[in-house]
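In structure tokens, the next block holds one chain alone, the form predicted alone.
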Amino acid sequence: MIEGLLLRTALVPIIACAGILLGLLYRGLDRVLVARMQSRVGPPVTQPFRDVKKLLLKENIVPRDAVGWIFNSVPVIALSVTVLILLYLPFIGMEPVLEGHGDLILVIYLLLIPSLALVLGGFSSGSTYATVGAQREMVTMMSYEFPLAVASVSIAWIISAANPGIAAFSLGAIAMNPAWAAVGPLGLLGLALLLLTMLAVMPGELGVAPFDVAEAETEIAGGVLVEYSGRNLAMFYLADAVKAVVLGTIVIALFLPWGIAGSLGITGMAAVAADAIFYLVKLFIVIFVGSIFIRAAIARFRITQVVKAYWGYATFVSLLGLLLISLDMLSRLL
């Protein structure tokens, strides 16, 4: 027991560093691919690493009218909680470090904290622009939470119905019992709609176009982050990068949990490496579809359009997926 605890403790800084490095790498790929899709040259893949290095060397300025302790603490909270979520997820194909100490509901609640930290940072800065951005962030957050919850709980419900007695809300258990194998044709269509919902929620969670209304540089001069600089801005930047990895890993755990080593007949350390590489490929595809492609293809929405997109279309699609899954289960019972 003590050895297991020590091993988990040792894995925490490794996973934190891996999550940050992977998040910055995918952010670099994001910027390059979006630039190419828009017929621009774009920055090098290493640009996010350079941005973070530069920000860490810059002066950390706190506005005169800001509530200093809140203004300085929320970037630390945002980054810490985002890294903490990784410990509950099957990151890089491994079992969650905190397996047995949390579940899907806890992860959904933890996902709220970085967004709330951003809101508190905007309100505490004393800037009018940041206050408007914080209000928009709060409205966006309330808009996408319901379809996110419907999609997540639906997966747990399928796993519970197919495997009585299992800890259905455990992300490790969900990853080991793919929902696709537990439903019929109608259920497959419902799961496809839920996957579409999760991919639609990703850009809202990440605050990227077309759902970047909380920043909107051309309207509110950077919004919630307008007064942030130096180390504080670097921590928010890192939190956003890790959050992309977190959301991609959640989608993989819920909808794409398969490994590749078993199919190829690989064993031992080679199997671990093969599954890790396969995870990275899946993560790139999820981030590309759920963030990069959407950001390159669609211009920024107005805040009213954001609410309509999530409370209207995304909620309808998620509930329709849930209805199809319910009908599929009912037909199997009859």
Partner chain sequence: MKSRDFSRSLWVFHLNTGSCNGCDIEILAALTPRYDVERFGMKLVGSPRHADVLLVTGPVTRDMEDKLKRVYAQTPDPKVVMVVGNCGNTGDVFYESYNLAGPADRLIPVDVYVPGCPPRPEAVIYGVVKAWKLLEEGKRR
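Small disclaimer: the values here were computed from a predicted structure and weren't measured. Numbering follows the first chain given and starts at 1.
Just so you know, the form predicted in complex with the partner chain exists too; it's not on screen, but the next bit is about it.
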property	result
Listed range touching the partner chain, judged in the predicted bound form by heavy atoms within 4.5 Å, from 285-293, 299-307, 49-57, 270-278	49-57
Heavy atom distance at most 4.5 Å to the partner chain in the predicted bound form, all of Ile61, Val226 and Ser229	yes
4.5 Å heavy atom contact, Gly68 and the partner chain in the predicted bound form	no
Partner proximity in the predicted bound form: Leu233 to the partner chain, non-hydrogen atom cutoff 4.5 Å	yes
Any residue of 36-50 that, in the predicted bound form, places a heavy atom within 4.5 Å of the partner chain	Gln38, Ser39, Arg40, Val41, Gly42, Pro43, Pro44, Gln47, Arg50
